[in-house]
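Have a look below at one chain only, the form predicted on its own, in structure tokens format.
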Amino acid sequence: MPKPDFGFAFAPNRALDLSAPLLPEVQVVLETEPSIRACMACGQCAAVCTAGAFTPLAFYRLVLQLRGGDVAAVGERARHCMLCGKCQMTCPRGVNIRNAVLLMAALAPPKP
């Protein structure tokens, strides 16, 4: 007798192991812009982001992906930023988001 299909499945574990060693590219970004470590993923930046309404850009998600080691996806998504600075004005932790996004966009593989 086959097992019943209830239409859902367990999601993969997405917990970050903060004690795991970081990729060299991630380490360079975090050392170049140390204020990234202050991001608490509150979402204030995403709430005011003009580009985020039309693209998959949310800075706090970029930070989480960066810490998770998904370097190529971070670089591609960071390229959507218009560098207007509204996110930086609303950040309660004073993260230098514009510089961080420029560093993250440099991680993207070059386009042919």
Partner chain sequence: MNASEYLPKDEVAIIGGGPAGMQTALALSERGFSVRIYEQKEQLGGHLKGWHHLFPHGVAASDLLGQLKEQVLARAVPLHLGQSVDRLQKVGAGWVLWQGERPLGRAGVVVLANGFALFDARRKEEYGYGLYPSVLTAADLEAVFRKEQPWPFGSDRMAPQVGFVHCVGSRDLKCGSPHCSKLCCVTAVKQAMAVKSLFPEAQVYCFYMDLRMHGLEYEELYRKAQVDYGVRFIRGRLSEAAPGQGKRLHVKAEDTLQGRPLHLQLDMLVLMSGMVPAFLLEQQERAVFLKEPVFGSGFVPVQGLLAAGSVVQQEGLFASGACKGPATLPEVFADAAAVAREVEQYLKSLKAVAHA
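All values derive from a computational prediction rather than experimental measurement. Residue numbers count along the first chain shown, from 1.
The discussion below concerns the form predicted together with its partner chain, not included here.
Interface residue remark: residue 73 is not counted as part of the site for its partner chain in the model of the complex, having no heavy atom within 4.5 Å. Although the partner is absent from this view, residue 39 contacts its partner chain in the model of the complex, with a non-hydrogen atom inside 4.5 angstroms.
Proximity of residue 64 to its partner chain in the model of the complex falls within the 4.5 Å heavy atom cutoff.
Along 15-52, a non-hydrogen atom within 4.5 Å of its partner chain in the model of the complex is carried by 15, 16, 17, 18, 19, 22, 34, 37, 38, 39, 40, 41, in order along the sequence.
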